[in-house]
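Given next, in structure tokens, is a single chain: the form predicted alone.
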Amino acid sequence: MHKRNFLNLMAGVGLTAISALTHAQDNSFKVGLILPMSGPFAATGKQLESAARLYMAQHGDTVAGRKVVLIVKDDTGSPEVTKRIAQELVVNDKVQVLAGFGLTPLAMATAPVATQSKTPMVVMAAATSIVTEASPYIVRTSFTVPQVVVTLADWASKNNIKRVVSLVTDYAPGVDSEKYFNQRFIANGGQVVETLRVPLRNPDFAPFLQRVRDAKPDALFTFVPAGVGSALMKQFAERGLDKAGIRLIAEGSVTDDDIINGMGDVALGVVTTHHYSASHKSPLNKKFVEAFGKANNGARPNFMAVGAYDGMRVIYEAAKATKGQGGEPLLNAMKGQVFESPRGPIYIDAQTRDVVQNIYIRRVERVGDQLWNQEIETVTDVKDIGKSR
């Protein structure tokens, strides 16, 4: 459907009225899951879809007497494609929920569609602070970059790291990482000697890492999207930064559970902060990791997976509370949910619609023949500092 036709339809008839009429005649509860299933971020989409399907397998495909229909669409990582798919899901498929969103630009592109159609939108992956402010219909079950990097800056300041170089991927979460880490690290008395940004598409880290080596900091602070950390780690070793005594500290996507085993010994000792580790020690997480592996040829769930798993939980519980209603009642039932996740205790802040959760300081360690992000410290009930000012 062309954009002009879509807008005309909304203006002339109203998407809410169409949805209400259709849902009265249709006993299904439809979730449109928009993911990057092909292209450079396909691994993200695979983790999100696998976890959403696992939740449904464990909790049934019926909620409030309605058949849950998961409609999975590949946006190829393109914001233009994401927005078009969202429009089609709302207008043609009459979904009650839009969900997924593997990258911030994809969530931002969809936000106006959620607002105009009054469709709740569950962001399961995108982590830029501003995402939930893009639409009053957005609820987030992933994490926010400031939650993670401010915790890391505090840890670095307490662990004899005084001079850092910041290296981030040049898109919204990377810019957030740079901003909030640097602000907190400097406020704690540290020095950021250089800030570097790497292109999102086809990054070559080598020339940037050479500049890091030349600057001779105590540590390199870095953020790259999920799945890209292997290339960064490989080039970090090739450039000899580890042998030069430069520590690597990072936002947790860098040592993503999905790829960490392929990094080798260079990853050992790397300290990161994040909201989830597959090695998190709780009975619920043990069951989650085992079930995910069994359903996915032994694969390890990562932070994307837990965001989707918990996102489906939020959707199911809201649908139960509203007896399958969509729109505003469904959104309101998502706000304020408090529950135990495989990652630990979390809740959805009723005012910001953002997730509040523990953030873990982790160190890469070898356990048996595998590498794991082992939790060494926990900071509880962390809100998004981007919204707490």
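Keep in mind that this is a model prediction, so the values were computed, not measured. Residues carry their position along the shown sequence, with the first being 1.
Here the subject shifts to the form predicted together with P-hydroxybenzoic acid, a form of this protein not shown in this document.
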Does any heavy atom of residue 253 come within 4.5 Å of a heavy atom of P-hydroxybenzoic acid in the predicted bound form? yes
Hey, in the predicted bound form, is residue 164 touching P-hydroxybenzoic acid, heavy atoms inside 4.5 Å? no
Although the partner isn't part of this model, could you tell me whether residue 103 comes within 4.5 Å of P-hydroxybenzoic acid in the predicted bound form, counting any heavy atom of the residue? yes
Within a 4.5 Å heavy atom cut-off, is residue 316 in contact with P-hydroxybenzoic acid in the predicted bound form? no
Output flag, 29, 97 and 124 jointly within 4.5 Å of P-hydroxybenzoic acid in the predicted bound form, heavy atom basis: no
From 128, 87, 151, 135: within 4.5 Å of P-hydroxybenzoic acid in the predicted bound form by heavy atoms is 128
Contact residue in the predicted bound form, chosen from 303, 205, 185, 292 - any heavy atom within 4.5 Å of P-hydroxybenzoic acid: 303
Partner-facing stretch of 187-195, 225-233, 276-284, 71-79, counted where any non-hydrogen atom is within 4.5 angstroms of P-hydroxybenzoic acid in the predicted bound form: 225-233
Where, within 134-169, is there a heavy atom within 4.5 Å of P-hydroxybenzoic acid in the predicted bound form? Residue list please. 143
